[in-house]
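Okay, so here's just one chain, in structure tokens, the form predicted alone.
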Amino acid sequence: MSVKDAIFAGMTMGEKNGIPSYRMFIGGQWVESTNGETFEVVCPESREVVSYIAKATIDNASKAMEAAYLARKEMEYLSPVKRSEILRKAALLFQAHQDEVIKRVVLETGKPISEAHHEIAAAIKRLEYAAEEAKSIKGESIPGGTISDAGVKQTALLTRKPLGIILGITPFNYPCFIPMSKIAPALAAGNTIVIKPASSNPSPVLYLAKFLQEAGLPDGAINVVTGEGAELGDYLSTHPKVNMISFTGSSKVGNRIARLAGKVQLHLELGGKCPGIVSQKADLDLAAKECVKGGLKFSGQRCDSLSRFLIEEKVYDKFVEKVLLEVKKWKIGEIFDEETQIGPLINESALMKVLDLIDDAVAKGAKVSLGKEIAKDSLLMSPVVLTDVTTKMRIAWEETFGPALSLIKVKNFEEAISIANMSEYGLDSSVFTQDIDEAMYAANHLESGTVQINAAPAHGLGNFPFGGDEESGMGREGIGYSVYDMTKVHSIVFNPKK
């Protein structure tokens, strides 16, 4: 048996016609569905089956919750140094075997391999940072009498304890990094976690579980439940032993989880309709480059994608020209080609939604200045630039999740801010101006979780807190911030006799 085969031993049930058939991970064991069923994962480029995955039943989900519950005290009492050692060892294993995960991300997601490399590198780095975070969880001491004379002789020690069981539910677009951004801080804080990845591309999360298992993580500390359908998600979201739900996905599903979850602590990162505001005082070359990057990265299949640009009328025509030139630089091609930047959309319904929004805009007067070609029998869509878009068109308000850029002419900077704030979403905004007063005005008046000045939205490793307001969610993630939210204050009060 090769080293590669040894490290991945037990993950699969073998192969069907050369296609791997993956088990799920519950209680430290690689298990099949209790009814023996699997589901297919299809490559968006080839439209062929590339994986079979164990299809979890409610019984599987119940066992995952029970395993997480039984392991919670062992994780809580595991020293921060030991947790750090496990996470660091897992990062080294991930680094050594990343090529297999990259391959699965590309095949199951249709993500160009160059982007998959970046995603995996970020996931490994997030794991390394979590190893440091595990050792940085601190408490404080509060002497009596600092607030009032009552209890002047008392002293309180405040520590931070893990919440218990974290439920992570993740989307298809970053099948490795987004799960890692929940798994790593949850474990660093001493929690256990049950994670349900998107059914479109679940195998990368199984590899994460494998690396953590091999690194010495206690059985039951991480459990991966793979399956389809709302029934499974509803069962997990309403389970009485869950202490926190961290969900990234659509606003519709996030709102459903919020209704179901009751008093459970929530972190929801939901949809977005992020504006790129272009002032007449902007560096137009920079603005065009960043706006196109913000709109086309991973074919626009990101909640923080820039899909609408609000441009002051004095520079509108010039900006359109620069955007068209920038878009033409983006290479469309095969997903395993290192130079490819634009790959296929995740599935047919995603493609149909984008085309429907474009058709609605064109019917109401928008102009297709570039794009809309679709390869025959493919999900590969070339980037579309829509000009003369107005606020009467659906594409000005609805999340696009595709490579379609909408350019809207506004009278002035203040109108751009006003239109941006009319959206039901409040995730990210980008402002392009060389005027510091304009930048500060926008930063203070835009209603979004993050405002980027002269750059496209980019959360990176989570160096800064990120998250949305209104229909874009609640709570903030990021290095330090996620661990803080996944712990709770524990007060110990000393009452001396004298």
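From 1 onward, residues are counted along the sequence shown. All values derive from a computational prediction rather than experimental measurement.
The next section is about a form of this same protein that is not shown, the form predicted together with a small molecule.
Using a 4.5 angstroms threshold between heavy atoms, residue 240 stays clear of the small molecule in the predicted complex. In the predicted complex, the small molecule lies within 4.5 Å of some heavy atom of residue 229. Although the partner is absent here, residue 342 sits far enough away that none of its heavy atoms falls within 4.5 Å of the small molecule in the predicted complex. Within 4.5 Å of some heavy atom of the small molecule in the predicted complex lies at least one heavy atom of residue 256.
A heavy atom within 4.5 Å of the small molecule in the predicted complex is found for one listed residue only; from 279, 406, 191, 248, this is 248. Of the candidates 292, 358, 416, 198, 198 is the one whose heavy atoms come within 4.5 Å of the small molecule in the predicted complex; the others do not.
If you check the small molecule in the predicted complex, you find no heavy atom from any of 94, 180 and 485 within 4.5 Å. Comparing 365 to 373, 154 to 162, 394 to 402, 320 to 328 against the small molecule in the predicted complex, the single stretch with non-hydrogen atoms within 4.5 angstroms of it is 394 to 402.
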